[in-house]
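Listed next as structure tokens is one chain, alone, in the form predicted on its own.
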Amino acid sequence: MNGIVQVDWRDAAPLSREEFEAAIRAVGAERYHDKHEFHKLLHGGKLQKEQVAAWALNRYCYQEAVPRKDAAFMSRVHDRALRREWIHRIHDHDGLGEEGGGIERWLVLTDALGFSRDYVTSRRGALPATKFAVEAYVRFVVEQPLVVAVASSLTELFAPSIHRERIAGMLENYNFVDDQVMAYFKRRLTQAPRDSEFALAFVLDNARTRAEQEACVGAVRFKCDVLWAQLDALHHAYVTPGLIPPGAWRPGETNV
């Protein structure tokens, strides 16, 4: 026995719409990565420039994975209206026409931190745990039922507060950060609420059984774990105990 209690929800009554939404939001209150020690150090101005650089370099892997997971999601969707709604998420990150998109804005940040774009986009300096975590997210969206896949995006419900905290904290505490460098986060203040409102309504409307509802709450937990695992890896490699794995970027490394 592993001590894990498996609950069979098949015969359980569905949660009310209000109870279901409250259960989703409770995950963020407990698990969202704004509570991680690395973020407290980042926003509080307690990190060295090289540690901030390590965060930006690794976080690029997540930014780059988001439009891939959205494209994978859309490939499974037969509902044209849903595809038309979802496709702007790819445009938000990859850009469209003259709009460079969120990935371009993230590269402005890594530019300011001294990395070449070729090095960043190659992902070769990222931590192994970072790459494992983001690819697990892409696979989750490919493999899970559509409503559960949508639910995994609902960490966006909790994102505006962390973006506001990050903008204020980094602008105040780091002289290598300015408004242009923080442009990614400022744009997400409007994009994330729009996306999360649609996704929340979709999940509340389409998860009709208790088992589906619990799977959706579990998807939000999973996504929080993906975000938390990335910060665990950063803290372990670049803060305490400072064990950087082979192949990952090391502060002071040149030709990157």
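When you see a residue number, it is the position in the sequence shown, counting from 1. Here the structure is a predicted model, which is why all the values come from computation and not from measurement.
Only in words, not in the display: the form predicted in complex with a further copy of the same chain, which the text now covers.
At least one heavy atom of P67 is located within 4.5 Å of a further copy of the same chain in the predicted bound form.
Within this chain, L96 lines the site of a further copy of the same chain in the predicted bound form, having a heavy atom no more than 4.5 Å away. A residue is said to contact a partner when one of its heavy atoms sits within 4.5 Å of a partner heavy atom; G169 fails this definition for a further copy of the same chain in the predicted bound form, lying far away.
By the criterion of a heavy atom within 4.5 Å, D111 is excluded from the residues contacting a further copy of the same chain in the predicted bound form.
Across the proposed site, R76, E104 and E135 without exception bring a heavy atom within 4.5 Å of a further copy of the same chain in the predicted bound form.
A single residue from the set A183, V147, A129, A72 has any heavy atom within 4.5 angstroms of a further copy of the same chain in the predicted bound form; that residue is A72. Contacts between stretch 8-39 and a further copy of the same chain, counted in the predicted bound form as any heavy atom lying within 4.5 Å, involve no residue at all.
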